[in-house]
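This document starts with one chain, in the form predicted on its own, laid out as structure tokens.
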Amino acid sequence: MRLVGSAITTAVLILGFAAIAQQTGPGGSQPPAGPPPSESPPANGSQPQVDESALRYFASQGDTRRVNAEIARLRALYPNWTPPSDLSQLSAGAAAPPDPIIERLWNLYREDRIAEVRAAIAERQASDSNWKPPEELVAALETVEARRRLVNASDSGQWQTVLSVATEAPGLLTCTNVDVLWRVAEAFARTDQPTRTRDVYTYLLTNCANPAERLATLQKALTLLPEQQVADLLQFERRTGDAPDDFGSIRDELARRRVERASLDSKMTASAEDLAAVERLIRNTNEAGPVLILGWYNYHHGNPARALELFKTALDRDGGAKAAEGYAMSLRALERLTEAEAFAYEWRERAPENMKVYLDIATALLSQDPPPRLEARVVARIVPVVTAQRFADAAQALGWYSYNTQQIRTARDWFRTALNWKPEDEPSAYGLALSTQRLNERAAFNAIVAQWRERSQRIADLADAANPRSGRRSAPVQPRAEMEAAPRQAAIEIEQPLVRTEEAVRRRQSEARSVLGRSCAMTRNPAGLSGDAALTRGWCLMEINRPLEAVAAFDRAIATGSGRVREEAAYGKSLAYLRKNLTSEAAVAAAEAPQTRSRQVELGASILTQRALAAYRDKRYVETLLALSERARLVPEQNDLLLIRGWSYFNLGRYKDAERVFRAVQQTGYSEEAGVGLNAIREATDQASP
């Protein structure tokens, strides 16, 4: 098929001049770079000789759609051609009546029976070698066949074939065949030529007038081009004329995508304009998608209250498991753990992410300090889920919850289960060691110690305290109830130094809370924070009593901060562990960065005080005395601690040592408390006398 200049120009714009000029035909011959001189437009501007047979035929059939398509095709081929002003003349027989054979061929073409048209042409030429079909019919057939080859290649993903067909039939590449142009654009994209894809879309938006097709062009560009290139194409929007464009939906989609990316990354911030666009989408549609995007954006940018509202709206719009996941996580961020557990339980089996969220929330609920008072039905529904999922962290949390609520046998079983599921979990091993020691299960305790002594200092400390070199004395006479009141009161008073230690850093915590605001309560990975930011977050988490999360933030500050930041972070990390009674971890943390002498003494005394308290509460009196003696080497022993020392001696049957301590306390003004201890010694020794 031969084409005049306009079709070649279109092909050069879309496919590129080199692609056409270098395309070889059969045998390696080059096709002409332009139309032959005989078919060039007349220089004097007169009407060219145009075969209007197809146009006359379609007009005679009253086929308006094909008439318009044929006019567009002829204009593309012959720019100087003007269609007849009165098409009725074509249907009224102003021209010579068509050949019946030709009319039959056009009828078959009109019915899209292309193979039959070819067969009829071959049959006629076989009977009359001088007969030739109309050039316009041949051109129309070639165009239809080329389009079919191109569409079939596109549908089957043969992108190079698409481009080859388009190069061989550039007459297809006009606004009459917008679908072909779209397919060529996709072929460029699928063959890693996005710039050529953009060129095709630019041609369409520059030359084609149908508003629906122009909008569809941008919609297709959204799926194939980088967002910035799509944004660049918006400049071709036609805001005036008989059929203006409305590309607002494209702008909204670009804004939605930008907000969606920021909703997954707390470091990215969306513009006010983009957020407003997503808010409009929420108001103008009943879909859950935009609501979920804005919900996650608020969740990851420190506004869990607004996120909760949005996730509720998404649930009402059938947002499904993802909306439920966000709703539960927002409740957790707001520290509404009881509500979060109940809600997450109902959704736990909808998706793997929902199950993970439920287990995390159940673990957090059980790990609160102090332990919450949970209804039996809550624990009863947590247990089978933890068991079915074999989730070691939650099993450990159930162990500590049981231990702290004095269900020691249950605690032992949960710690053992957690270790079965996660054999290298030191906190579970420590919990099992404590539990078996409390239950006086010596064989089990010794087995844990043998396995973990070299890997856990606190388990080694338990073993050393349980087997002191000095040996144990005979069991003492049990004191009267009023005598037991004294050590309990002393234990309450002994906690005050720890409170004073935290008061020394309360200012840091309050300042950090005021800086971070609500975002402090948001659960986030501190891995991307700077040293200063991580330190601030750590103190803020201490302020809202989430010490274990504070540990992670302090760790980040130690890893990335300056010398001052590392010192502060190590100090804060030690206090965080002390708050959770993890004294061995606190001791390790204190050594992670150099501390001033005063802080070394402060932390050391606090750690040893906590060890003494824990041992005394567990009636491990030898360990209590060891901790108190070590502490006394750092700071003077105060009266409340001396009372603890005296009662420890008493319970070990070391009455002379106990009397010496109680008398020393009595001389400092604690006469009533010391008197209770001295009376207990007299009663015990009197009962022991024959």
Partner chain sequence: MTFRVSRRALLLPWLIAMLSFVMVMSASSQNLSVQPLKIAGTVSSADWEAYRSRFVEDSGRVVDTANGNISHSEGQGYGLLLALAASDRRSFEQIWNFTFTELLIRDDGLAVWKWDPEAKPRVTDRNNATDGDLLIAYALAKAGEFWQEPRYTAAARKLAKAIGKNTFGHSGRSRVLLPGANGFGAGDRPDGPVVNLSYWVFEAFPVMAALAPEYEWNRVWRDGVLLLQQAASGRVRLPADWLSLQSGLQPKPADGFPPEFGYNSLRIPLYLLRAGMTDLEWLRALKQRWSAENEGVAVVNVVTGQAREQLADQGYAMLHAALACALDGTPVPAALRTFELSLYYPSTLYLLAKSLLGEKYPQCVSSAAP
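Predicted model, so just to flag it, every value in this text is computed and none were measured. Positions refer to the first chain, counted from 1.
FYI, the form predicted together with the partner chain isn't displayed, but the following is about it.
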(message) I'd like to check something about Asp155: if you look in the model of the complex, is any of its heavy atoms closer than or equal to 4.5 Å to a heavy atom of the partner chain?
(response) yes
(message) Since only the chain is shown here, I'm wondering whether Ala122 would be in contact with the partner chain in the model of the complex (any heavy atom pair within 4.5 Å).
(response) yes
(message) So in the model of the complex, is the partner chain close enough to Glu309 to count as touching (4.5 Å, heavy atoms)?
(response) no
(message) Even though the partner isn't displayed, in the model of the complex is Asp252 close enough to the partner chain, meaning a heavy atom within 4.5 Å?
(response) no
(request) Spot the stretch among 140-148, 336-344, 200-208, 228-236 with residues whose non-hydrogen atoms come within 4.5 Å of the partner chain in the model of the complex. (result) 140-148
(message) Give me the residue from Thr285, Thr269, Thr161, Gln457 that has a heavy atom within 4.5 Å of the partner chain in the model of the complex.
(response) Thr161
(request) Go through Glu353, Asp246, Glu116, Asp369 and name the one with a heavy atom inside 4.5 Å of the partner chain in the model of the complex. (result) Glu116
